[in-house]
Ligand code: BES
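The form predicted alone is given below as one chain in structure tokens.
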Amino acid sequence: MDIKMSDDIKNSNADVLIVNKFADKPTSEDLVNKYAPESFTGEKGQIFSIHTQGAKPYTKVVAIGLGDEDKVDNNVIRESVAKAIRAVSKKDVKSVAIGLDTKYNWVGPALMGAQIANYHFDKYKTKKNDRISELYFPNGVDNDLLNRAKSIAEAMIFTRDLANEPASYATPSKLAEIAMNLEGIETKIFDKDEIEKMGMGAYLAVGQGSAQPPKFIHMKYLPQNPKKRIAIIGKGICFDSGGLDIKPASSMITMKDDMSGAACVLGIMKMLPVLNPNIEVHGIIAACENMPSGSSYKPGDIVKAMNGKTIEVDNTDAEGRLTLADALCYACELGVEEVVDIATLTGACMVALGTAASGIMGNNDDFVNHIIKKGKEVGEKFWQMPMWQEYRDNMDSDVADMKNTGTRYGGASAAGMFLKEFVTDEVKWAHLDVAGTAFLDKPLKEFSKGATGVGVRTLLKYIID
């Protein structure tokens, strides 16, 4: 979508003009004020459109309700603009002008809403989806905020595209190739022999049943004199069959998305040189596939992680935490102050929170709450899950330091307690379980069915701020 500026937004070359209406207040458009029904009061979520019949330079005007003027925030604007974009995109509309009449700095969330709603993954379709190709904003808006929002939206598009790709395309080797080609990022790829030398036995065990070789990816964004050093880790299971504890077919169909965390990290790292924050960022992905074969790891196997802890494999479908265990060990040796991992980790988190929110937990409440706050500011919800010793006790093993699963109950918290075993005490750590939010089986708010790019907005906001 091309972003264009206009000196007179109501006389631009756009097909459609989007304006706003606050609750029980008139709009800036006389056609809306004159012809809108009484039921269109401007409450949040309402929308009204009218054809101009040649009376205006644009063909149609769309008014979006923003509710109480004093309660407008980023989320209201983003969702409302997205609703308007979705309403007009299938009607031969190629260009849209946005001219909101509010003191609130609306340009960033408006652009974000338009970009999210305009997204379609139709790479493999012969007939492409209808899209808005041009988006007009009035001259005089905050260009820094506009450009920042554009970069974050592009990171989300990149992430969503990658997570929507079939597993035959998004292999561990392909993720490594993408990482190597990121501009302004220093990248090192570790192959199987190097991974083995580093002692990453848990990660290697997961990938040993696949014909696709594992790739451990370490990306670095290195500004001069950084104020802080952090690491972000993305779960990179490029396809999860469940291994020998194989999934049913209905559960396996979307398992191309089990690398959504890795896609998020790649999208973030791609945009850091553009956004230029003064924070050193290490992007880490332990990429592999979890496949059944004669060489697969087996229930009852004992594997050793990079920090020397041994793990009895209770279930081969609890594989993501094994790869993250070694990635966390690696990250904690980099001299960073904070580590965040993002993973489509547990079905239990989906049961608990559905598609409305991601789970979050960690070893420092202030750090966890900081990320929750950043998510709220950009429209991504996180709910803190408990990390109590009882969840860890359920993973005690008779033959190893721990098992990779506990009981069938409290699975999201148990996974968090498992990961905590591989984080050093001096590092602040947060774990984001996005199993229910990374991939949608039906549209939700501004998002279409499929990959959402969850985590990109929150983690970029955390880094930038």
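These figures come from a predicted structure and were not determined experimentally. Numbers follow the displayed sequence, beginning with 1.
Omitted from view is the form predicted in complex with the ligand, to which the following refers.
Peer 1: With the ligand left out here, work out from 339-347, 93-101, 207-215, 113-121 which stretch has heavy atoms within 4.5 Å of it in the predicted bound form.
Peer 2: Stretch 339-347 is the one.
Peer 1: Could you work out which of D317, E280, E79, E312 is the residue within 4.5 angstroms of the ligand in the predicted bound form, going by heavy atoms?
Peer 2: Checked against the cut-off, the match is D317.
Peer 1: To verify the annotation, which of these, E289, D326, D258, E380, has a non-hydrogen atom within 4.5 Å of the ligand in the predicted bound form?
Peer 2: Contact residue from the list: D258.
Peer 1: Is every one of K235, K247 and T405 in contact with the ligand in the predicted bound form, taking contact as a heavy atom within 4.5 Å?
Peer 2: So, yes: the whole triplet contacts the ligand.
Peer 1: Taking heavy atoms and a 4.5 Å cut-off, does V61 contact the ligand in the predicted bound form?
Peer 2: Result no; V61 lies far from the ligand in the predicted bound form.
Peer 1: Tell me, yes or no, whether A435 is in contact with the ligand in the predicted bound form, where a contact means a heavy atom of each within 4.5 Å.
Peer 2: Yes.
Peer 1: Would you classify R160 as touching the ligand in the predicted bound form, given a 4.5 Å non-hydrogen atom cut-off?
Peer 2: Because no heavy atom of R160 falls inside 4.5 Å of the ligand in the predicted bound form, the answer is no.
Peer 1: Within 4.5 Å of the ligand in the predicted bound form, counting any non-hydrogen atom, which residues from 70-107 show up?
Peer 2: Contacts from 70-107: none.
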